[in-house]
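We begin with a single chain expressed as structure tokens, specifically the form predicted on its own.
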């Protein structure tokens, strides 16, 4: 049966797309054709499109901000929670970062066509591996309109075609940004179907996007745990994902106290609504009596609600009780769970049990314990003496990221250009035949 968009969902800003199946098939066909063309596009043309997008976004700054203001007003009225409103919001500073991101991706080396490990075999042939685009990438995300541009730029630079489906809360913002993307592609002489933004908020569009293996090669979901669980469960194409970001900072007995204070406060309060924000603080028992009161004062200045284990509450007094659920919760809010632990083994056991394999950090001046933490904590980013907030493609020098993968296969951690390619074997010969 053909899925139909309901009239009640129609908004004047959204095309009245009635036949979702036919619409998504058109997008898929266009993306597949574009992916074939993109394999032939050279680096100069891709960079020209990225820089043209940056220029069009600058020219359309007032239009994009006005569209975002409409989204914010509508979602604020509907009761969208504060953390998601923060993700949705654009201002001049965030627009500047988006424009800078396009320029930086244009400046990055193009991975497509790189040949690694070329070696000669006894037969005389040479064998190596060449980086190639994945093909058509479907990206499903919520709230953050900047993802539209980041995803477009990385898919384009890595030679892929993309179908982007943003959340309904950012529909006006995404439409304004999509216009800049199309203009940039056209100006560079590239097919507009190389990056397509789904122009309907009908939920059936997601169901079709994740079940078109004939058109889509990989799905990358970015959003809440329920969205990613649904995509993982229902997708008929491979998925690169992370479910949540239950990130930890462990303050070891061998920590520099000033570093520990700065890192623990930054990791929680720099931004609340991001997946690399610390949600649980682990502190070694020998430091707990002296450092926890200072940390509590600092968190109090930021309005952070503290929930602690029995030993934490014995030191800090009247704070909330950390339940079993708290250790597993990605708050995305000014709430922090604290546990006093007995050394690095206790800390790593807690992370192993409750962590989400996203980002975990140790603060210590003890070389051996730092090395153990790096080797034994099974997360996509593991840090020594640095805030978890650095777990980000831009901070890692990737220019931008499509998302953070906590999977173990193909891509892990922030997914940049190389994560959007695969490798195929190439063989160079001079008339050799097998005997």
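Numbering follows the first chain given and starts at 1. Bear in mind that the values here come from a model prediction, so they are computed numbers and not experimental data.
One more form of this protein exists, namely the form predicted together with another copy of the chain; it is left out here, but the text below deals with it.
**Student:** Please determine whether residue 17 contacts another copy of the chain in the predicted complex, using a 4.5 Å cut-off between heavy atoms.
**Tutor:** Output for residue 17 is no: heavy atoms all beyond 4.5 Å of another copy of the chain.
**Student:** With heavy atoms only and a cut-off of 4.5 Å, decide whether residue 22 touches another copy of the chain in the predicted complex.
**Tutor:** Output for residue 22 is no: heavy atoms all beyond 4.5 Å of another copy of the chain.
**Student:** Is residue 368 close enough to touch another copy of the chain in the predicted complex, meaning at least one heavy atom pair within 4.5 Å?
**Tutor:** No - in the predicted complex, heavy atoms of residue 368 and another copy of the chain never come within 4.5 Å of each other.
**Student:** With the partner left out here, check for me: in the predicted complex, does some heavy atom of residue 409 sit within 4.5 Å of another copy of the chain?
**Tutor:** Answer yes; at least one heavy atom of residue 409 falls within 4.5 Å of another copy of the chain in the predicted complex.
**Student:** Could you work out which of 398, 54, 34, 67 is the residue within 4.5 angstroms of another copy of the chain in the predicted complex, going by heavy atoms?
**Tutor:** Selected residue: 398.
**Student:** Which one of 311, 74, 230, 270 is close to another copy of the chain in the predicted complex, taking close to mean a heavy atom within 4.5 Å?
**Tutor:** None of the other options qualify; the answer is 270.
**Student:** Please state whether all three residues 43, 50 and 302 have a non-hydrogen atom within 4.5 angstroms of another copy of the chain in the predicted complex.
**Tutor:** Result no, not one residue of the spot touches another copy of the chain.
**Student:** Using a 4.5 Å heavy atom cut-off, indicate which stretch of 187-195, 131-139, 245-253, 97-105 touches another copy of the chain in the predicted complex.
**Tutor:** In short, 131-139.
**Student:** Where, within 203-229, is there a heavy atom within 4.5 Å of another copy of the chain in the predicted complex? Residue list please.
**Tutor:** Heavy-atom contacts to another copy of the chain in the predicted complex: 217, 218.
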